[in-house]
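Shown next as structure tokens: one chain only, the form predicted alone.
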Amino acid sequence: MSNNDALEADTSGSNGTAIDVRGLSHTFKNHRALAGVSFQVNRQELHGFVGPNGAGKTTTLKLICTLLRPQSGRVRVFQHDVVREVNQIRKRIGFMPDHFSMYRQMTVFEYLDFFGAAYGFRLSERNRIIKDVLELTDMDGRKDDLISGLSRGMQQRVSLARVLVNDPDLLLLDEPASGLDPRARIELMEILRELRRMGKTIFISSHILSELAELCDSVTIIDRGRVKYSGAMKELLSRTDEHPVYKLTLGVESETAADKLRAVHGVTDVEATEVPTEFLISYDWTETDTNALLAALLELGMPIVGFSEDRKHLNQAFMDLTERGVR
């Protein structure tokens, strides 16, 4: 590595960029998987990478984690080039593919211990690390179970624990919630939030925008190998024709509830549903944030028993940015 490269690598903490992709193109035979893809991911950010099946998500992930070499363009991870500085990058990342191979006749502990040894950790270090990652993924009570006997959700947790063995700064997760039941999805998302609070940068690929809306700080939407949007999640949602909509459920009926709700700052519309105690509240994200909305609703003194986001506007945002057609 030249002196200039070394200087640039040393400044990775100052510019706050974890992933920097510029003009990335890649072709497999006659199929162009990526065509001039560019985006950035900031350090300690949870970034969603969203697109239809076949949009180029997995190809991009493999290029970022050094499993493929870029044919055109540039990829840097913490200011290290993915072609010239592979070892520096691999020390700082953890990659969890969509389809992963597991040694199913091993116990959870044996599986993690195998990878800890592969990373060069001594026995005492491995025991400490495995204890920590099992606690973090809430798998400490299953350490002696055979992997073959675990559910899909539990196996996903083991795979995530394996990714955490080398304490990476950047997690690259390809469809981590694929095939999980609703409870397992929610629990996985909570683990990812905790990892972000610990200072990890998380890059998570998915084909479902609504799944990531509440989780991610920012998002890149890709379709047919081209970036359609990259930036803050909040900004994406505020650009749609529809304001975010929330479903509010009260404990009792109230004839004055709709008028009170319309008077709340940031509320643009209130619609009663067929259920007398339910209301759909349209809300302007540019005025204030969702926490302020909920706080204002609580101040009204009405008995709130349910408050959740209606996801139709998220689906519309995704459809507006991507093209029709079978991939």
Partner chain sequence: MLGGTLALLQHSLQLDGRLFRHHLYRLIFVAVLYLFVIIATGQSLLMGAPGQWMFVRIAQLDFWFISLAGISYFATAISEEKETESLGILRMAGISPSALLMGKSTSRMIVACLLLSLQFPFALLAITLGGVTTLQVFSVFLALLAYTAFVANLALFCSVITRRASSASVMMTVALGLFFFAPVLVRLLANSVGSSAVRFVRAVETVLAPQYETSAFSRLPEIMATGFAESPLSFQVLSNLAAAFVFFVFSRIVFDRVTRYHSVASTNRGVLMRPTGSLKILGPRRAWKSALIWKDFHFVTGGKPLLLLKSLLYGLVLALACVAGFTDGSSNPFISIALWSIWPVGLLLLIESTLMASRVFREEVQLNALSSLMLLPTGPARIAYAKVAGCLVALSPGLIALTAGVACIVIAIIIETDSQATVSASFGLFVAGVGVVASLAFILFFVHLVAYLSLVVKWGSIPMSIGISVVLVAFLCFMWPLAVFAFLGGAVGLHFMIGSRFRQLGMQ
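Residue numbers count along the first chain shown, from 1. None of these values were measured; they are calculated from a predicted model.
Beyond the structure shown, there is the form predicted together with its partner chain, which is absent from this document and is the topic of what follows.
Practice item. Look at the stretches 64-72, 271-279, 298-306, 32-40 and give the one with heavy atoms within 4.5 Å of its partner chain in the model of the complex. Key: Single hit among the candidates: 64-72.
Review point. Is residue 107 close to its partner chain in the model of the complex, meaning a heavy atom pair under 4.5 Å apart or at it?
Key: Judged by the heavy-atom cut-off of 4.5 Å, residue 107 is in contact with its partner chain in the model of the complex.
Check your understanding: Just to confirm, residue 252 within 4.5 Å of its partner chain in the model of the complex by heavy atoms?
Key -> No, residue 252 stays farther than 4.5 Å from its partner chain in the model of the complex.
Practice item. Answer yes if any heavy atom of residue 127 is within 4.5 Å of a heavy atom of its partner chain in the model of the complex; otherwise answer no. Key: Yes.
Check your understanding: Heavy atom to heavy atom, is residue 229 within 4.5 Å of its partner chain in the model of the complex?
Key -> It does not: once its partner chain is placed as it appears in the model of the complex, residue 229 has no heavy atom within 4.5 Å of it.
Practice item. Quick one: from 117, 186, 208, 83, grab the residue that has a heavy atom within 4.5 Å of its partner chain in the model of the complex. Key: Checking each option against its partner chain in the model of the complex, the one that comes within 4.5 Å is 117.
Review point. Pick from 162, 224, 200, 76: which residue has any heavy atom within 4.5 angstroms of its partner chain in the model of the complex?
Key: Partner contact (heavy atom, 4.5 Å) among the options: 162.
Point to revise | Contact test, all of 87, 113 and 149, partner its partner chain in the model of the complex, heavy atom 4.5 Å | key: Answer is yes for this spot.
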